[in-house]
Each structure stands twice: as C-alpha cells, then as structure tokens.
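The chain below stands alone, shown as structure tokens; this is the form predicted on its own.
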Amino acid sequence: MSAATEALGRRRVGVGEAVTSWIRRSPWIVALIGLLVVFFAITKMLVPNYGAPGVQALGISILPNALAAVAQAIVVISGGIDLSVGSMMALTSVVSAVLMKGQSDIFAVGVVLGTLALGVLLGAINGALIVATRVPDIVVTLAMSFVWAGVALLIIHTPGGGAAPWLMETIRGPLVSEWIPRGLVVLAVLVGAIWIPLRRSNLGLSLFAIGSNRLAAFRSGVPVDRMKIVSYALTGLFSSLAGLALTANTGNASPVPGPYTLESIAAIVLGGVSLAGGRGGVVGPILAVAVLYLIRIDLQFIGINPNFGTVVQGVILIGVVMLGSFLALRRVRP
C-alpha cells in the first residue's frame, strides 16, 4: 500500500470519527434534520411536481423567520427573552423601505448599514432598561414592543416604501444550482459570519455563562450587566436583518408587527434551546423554522384550514417541552 493511499485512508477515518462524534453530541439537530427530510417526503407525496421552485420559495419565505429565531435564540441562551423582536423587525423594515424608495443603489447601501446600526441601538436600549430597572426581561420587552410598534406606525400608517432592486435580487432565485436558493445561502453566510466567531470568542462564552448561572458567572469575573446589554444588542442586530429580509421579500414594508415574536419562541423551543438559558445554538432553531413552514404548507395541500396549523404547532411545542422536562428529570435522578 502506497503512502498516499494510507494517508487517504487515515483522512477518511478521521472524517468518519468527526461525523460520528458530532452526531453523538448533537442528537437533537440530527432528529430535526430527520424530521425535515420526512416532511419534505410528505410534501413530495402530496404534490408530486414540488421541486426546485418550491425549495426556492421555501428559502425566501423562511428567511425573516429564521433570522428572528436566531435573534431570539441568542438572548434566551444568555438567560433572557425578548418579546419585542417582531416590533423591532417592523420598525427597521419601515425605516429601510421609506428611506430606500426611489433612491440610488449607493444610497440604499448606506440605508442598509444604518438600519443595522438602528437594530443594534434598539436592542441595546432594551438591555439597558432591563439592567437599569431590574424589571424582568419579559415585562420590559413586552412594554418596548408597543413602543417600537408605535414608532413604526408613526412613520407610515399603511404598507408602503420600497426596496432597492439589488436588495430584492440578493434573496431571490437560485445560486449555482436551481436546488440552492439564494435566500438560504444568504442566511448561512449571515449567521455563519456572526455566530461562529461569536460562539468561539470570550464574548460568546460569557453569554452562555450568564445564561447557565448568573451568580457563578459574576463570581468568575464576567461583567454580567454589560453582557446582558450586549446580548440584547445582538438580538436587535438580527432583528434588523430580519426586517431587511422582510423589505427585500415584499418590496415594501408594513408597520404592523407580524407573528414573528411568537414564532421565534416556537422555533427555539423546537430547536432545542433551553428557555432556562445556557444551552442551545442557532442551527436547531433554523431547522425548526423550516419544519414548521413545511407543516403549514402540507396542511394547505391537504385542504385543511390554515389556522389549524397554529393548533398543530402548539401541540408540537407542548410535546417538545414535555419531552425536555422528562429527559431533564431522568438526568437528575440517581
């Protein structure tokens, strides 16, 4: 056997061991991938001609929800929760659409950057209010959801504004292959570029630490209050990305917040993020968004009232929470 063959064999063994190790460490993600494949198969059975155009529609449709789920996941991992995600999405979408309408492409680039900065500011305000007042996160963010939604309505009363053509083209159509939607590529690039460096940095470790045990993190020298504000600022950043995705998707903006806040919470629960904080990631919630989307369209294909999809989501979430509680009790018992 040549040295090259031996090296190739060792590389294959190394890759196989890495994959096996990842599967053992991420059983929830593997289960979600399996669930996604099952629902794709069901969709294909219901609509035999469901193919590349359907996958491209999926990529465009889930992009705002997936970014909202990532926004929610980050703050929940750090031990909080944000009920203003949908309102921040509406406000940033409205601001971007109003400023971009009829403007040049170069000006639109500046609007996008300014919208991202606005999202960071909105999230930081949420976090600063929580730290300053010591009022529970759920109360402060619920109140701020009305504030941000009200500001959006002050800017425009009805859907309007516009989106730069290049922004809409960024998420529409295929890339390289008709089975690879640009929307999913954009999602992967955005999340990967921000989350992967964050997860591996001291900042990411601090977010997980304060979510796992706030007192222990404080005694270890973690600036808890500062990290709290940072976590909400990151949530605001991803909320603004989701707002821009809404603008790019529809070509305009609506000042009325959609169901994105509750759907983001549903996605993180199904995606394996612990509501107690300190555990989870962003891949699971993104997969959960795709699963919930396929459930809704499958119900439509069957001819069931679309509102029943909300009932199905609720039943699934109850089952997931009960399963999580059961597994947690099994780990605690000697």
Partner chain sequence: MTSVGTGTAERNPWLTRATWRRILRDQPLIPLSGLLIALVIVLQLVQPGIVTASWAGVIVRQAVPLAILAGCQTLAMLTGGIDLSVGAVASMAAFVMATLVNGQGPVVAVLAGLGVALAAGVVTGVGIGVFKVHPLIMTLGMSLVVLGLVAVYQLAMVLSGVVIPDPILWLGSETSFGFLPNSLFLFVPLSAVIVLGLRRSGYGRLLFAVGDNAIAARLAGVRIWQVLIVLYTLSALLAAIAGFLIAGLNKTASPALVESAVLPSVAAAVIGGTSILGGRGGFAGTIVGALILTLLTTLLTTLNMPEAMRQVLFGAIIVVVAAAYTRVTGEA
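Since we're looking at a predicted model, the values are computed, not measured. Positions refer to the first chain, counted from 1.
The same protein has a further form, the form predicted together with the partner chain, not shown here; the description that follows concerns it.
Only one of 149, 116, 98, 167 lies close to the partner chain in the predicted complex, with a heavy atom inside 4.5 Å, and it is 149.
This chain lacks the partner; the member of 262, 185, 121, 198 within 4.5 angstroms of the partner chain in the predicted complex by a non-hydrogen atom is 262. Contact check at 4.5 Å (heavy atoms) against the partner chain in the predicted complex: none of 215, 223 and 272 pass. Figure note: of the listed segments 151-159, 168-176, 108-116, 228-236, the one touching the partner chain in the predicted complex, with heavy atoms no more than 4.5 Å away, is 151-159. In the predicted complex, residue 202 stays away from the partner chain, with no heavy atom inside 4.5 Å. Contact annotation for residue 132: at least one heavy atom lies within 4.5 Å of the partner chain in the predicted complex. Within this chain, residue 180 is remote from the site of the partner chain in the predicted complex, having no heavy atom within 4.5 Å. The closest non-hydrogen atom of residue 139 lies within 4.5 Å of the partner chain in the predicted complex.
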